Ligand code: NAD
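Below you'll find only one chain, the form predicted alone, shown as structure tokens.
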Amino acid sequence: MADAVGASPAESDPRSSVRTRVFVVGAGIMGSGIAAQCALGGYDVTLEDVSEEFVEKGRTNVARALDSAVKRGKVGAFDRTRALEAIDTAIGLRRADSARFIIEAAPEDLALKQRLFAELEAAASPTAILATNTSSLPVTSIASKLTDPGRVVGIHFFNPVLQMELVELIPGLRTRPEVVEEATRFATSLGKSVVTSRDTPGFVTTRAVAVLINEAVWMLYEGTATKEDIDTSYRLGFHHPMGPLELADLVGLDTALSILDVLWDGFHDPKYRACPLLRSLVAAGRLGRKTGEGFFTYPAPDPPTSAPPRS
């Protein structure tokens, strides 16, 4: 990895004796996936959340993601163990000052993210890169209340992080060019391909997938076809790896609904008006894979092999 802005080569190169630390805020599915990817990339990682219960669930998710990668032949057993050993956990933001990169992976709530970034600005090193994994909220709005919004950038990973090659980079209107350059080097150091989007609601990928999912839900709601036939049509007719309803279950129906609401608020275009069926499923707590039931039902995930204890 190339030299980081404001850091020595030893500090910025994950292969050096002084390894760069990444601090991941939020130990949910996305945060744990990002933590696993960064650890595999040679970084030391701190996975943070608000309680011991949440960070331990995050460690379980990390171990499960790495186990899956081993089973698929994408990661060796030694690398899996080394990655787990590179991840520690934290309750709250007190240890954020040791990180070069801080990646926020909290729910898609603008007020929550603004509050988190205000806390991060106070807790982090003044030279650290502050990144948001938002999939839909404008980066400029997230950074708008900070003293230095120029060091905030969107680094949008995709779920499942270890399997998805793409990262979407979103500079805010005040993001400094050197921050964009360093964020790009960071993402490519993880083996990702990087595309850049203008800072508009939903960016490129989320706008595209939101319409895809919403239209499929409308077709199911209107009785156009069964959920199985809708998904089969997309898989076999367009070579999609999974149908849009299965994809919605993977993303989380609550997340899909939140994204559509953001897009509706941003554009007031009828194509982003969320289908009532999606709202009903979310209200019923049928959120997809994470609850075991969404458009489809899912078995409980296999337990991961043992993870090393917290440091």
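Note that this is a predicted model, so its numbers are computed, not measured. Throughout, we count residues from 1 along the sequence that is shown.
What comes next is about the form predicted in complex with the ligand, which is not displayed.
This chain is drawn without the ligand; in the model of the complex, the residue among A106, A187, L162, A96 with a heavy atom within 4.5 Å of it is A106.
Listed residues M30, L66, V45, L260 were compared with the ligand in the model of the complex; M30 is the one with a heavy atom within 4.5 Å. G26 belongs to the set of residues with a heavy atom inside 4.5 Å of the ligand in the model of the complex. Residue contact check for V251: one or more of its heavy atoms lie within 4.5 Å of the ligand in the model of the complex.
Contact annotation: V70 falls outside 4.5 Å of the ligand in the model of the complex, judged by heavy atom distances. Interface membership of F54, defined by any non-hydrogen atom within 4.5 Å of the ligand in the model of the complex, is confirmed. Residues within 4.5 angstroms of the ligand in the model of the complex, judged by any non-hydrogen atom, belong to 108 to 116 and to none of the other stretches in 108 to 116, 70 to 78, 232 to 240, 191 to 199. Candidate site formed by T20, Q37 and R100: none of these residues places a non-hydrogen atom within 4.5 angstroms of the ligand in the model of the complex.
Residues N133, T134, S135, H156, F157, N159 of 133 to 161 are found to place at least one heavy atom within 4.5 Å of the ligand in the model of the complex.
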